[in-house]
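In the form predicted alone, a lone chain appears below as structure tokens.
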């Protein structure tokens, strides 16, 4: 394994993290004086300070100290082509010269809608917003408006953005999560009174318990929300049996099946739903469809979407937003999705499998406990051999062995000092800018790092 174009930074060499004399450390000190916690996004913080980015190109990023790393986070999946892809930069530049923002629709909105509808089997109509959080929020409102019912079911431990309903039981404490037969709905801090009363919590891939809970709430259930591959559950995949049950039971009781594909659109060229062979009623989208700029979208069946959103027939849902379908994002999205064709998708999936295979081999050689998960271009690396089937298994494993988190944190730091930026929670998300040689470099860096982890 090797690539002359890429140099690994030694764990003992220049650019070691943390470094109190670095520009990143100095910037964080300044930031902490004006931003609570030093930034506007909890997910980008890691102790004792985050690394500050300066520029990116392709699969690489450079921090303000000039240190180069492979970016295996890709802004939490949104950069499907890596940084500053020439076609996307050109599209944004061309659009910015013509029109940045306007209170009118543009042709690029139509182009991106046509492209997504042609590609995604469950999407016959689509509307754009500005984030995955907004997309899920409107998907849940759509289910309630369409059915006239109050309840939404979601998976315990699954992250769907920061909306009140969607954030229920995202990370419930064991002291509050209730009985396994009927998990408690635990609202996020700051939620309004009664938010938890409108949510039914299901355990991932528990077919029969899920069926019983759906049937017990059938008359009041508006929809069931699921992400087919949950990053916060170590890229745990929904089983075909579980998803089939959800489709069967929602059809039986007249509720909507909602797929959150903000992340998991990467699972299939025609959508995660097509890969699983299930057609949801509503799909929430975001991240890769915006070419690296802020975006969200909600799509679904034509009859449903028209009834809910078309003002010509008396829309049931109000849907406005100053930057919805803004020209810059629409132009970037069209360029990104045109270049993410089926050939690019298949190649990226092969790189993902190459990385999963190499990581498993690195763990085997090292003798370290670890589990490699994920599919397509999403890869999880969790530092335990414990069998994880759902959120409670995950939390139980972390409580039983605090070393899991210590080893994960140590791996993250070791890789930073070997020129690899992975997700601090234990994941890699690839881009089309990656090469096979880079994948091998990541494997090599992980294999070397495993030697230095604590017990």
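Residue numbers count along the first chain shown, from 1. All of these numbers come straight from a predicted model, not from anything done at the bench.
This next part talks about the form predicted together with a small molecule, which is not shown.
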Given that the partner is absent here, state which listed stretch (377-385, 167-175, 154-162, 327-335) has heavy atoms within 4.5 Å of the small molecule in the predicted bound form. 154-162
Should residue 133 be classed as touching the small molecule in the predicted bound form when contacts are defined as heavy atoms within 4.5 Å? yes
Decide whether residue 85 counts as a contact residue for the small molecule in the predicted bound form under a heavy atom distance cut-off of 4.5 Å. no
I'd like to know whether residue 139 contacts the small molecule in the predicted bound form, with contact meaning heavy atoms within 4.5 angstroms. no
Taking 4.5 angstroms as the cut-off for heavy atoms, does residue 242 touch the small molecule in the predicted bound form? no
The one option of 298, 258, 80, 262 with any heavy atom within 4.5 Å of the small molecule in the predicted bound form is 262
May I ask you to choose, among 287, 356, 273, 266, the residue with a heavy atom within 4.5 Å of the small molecule in the predicted bound form? 287
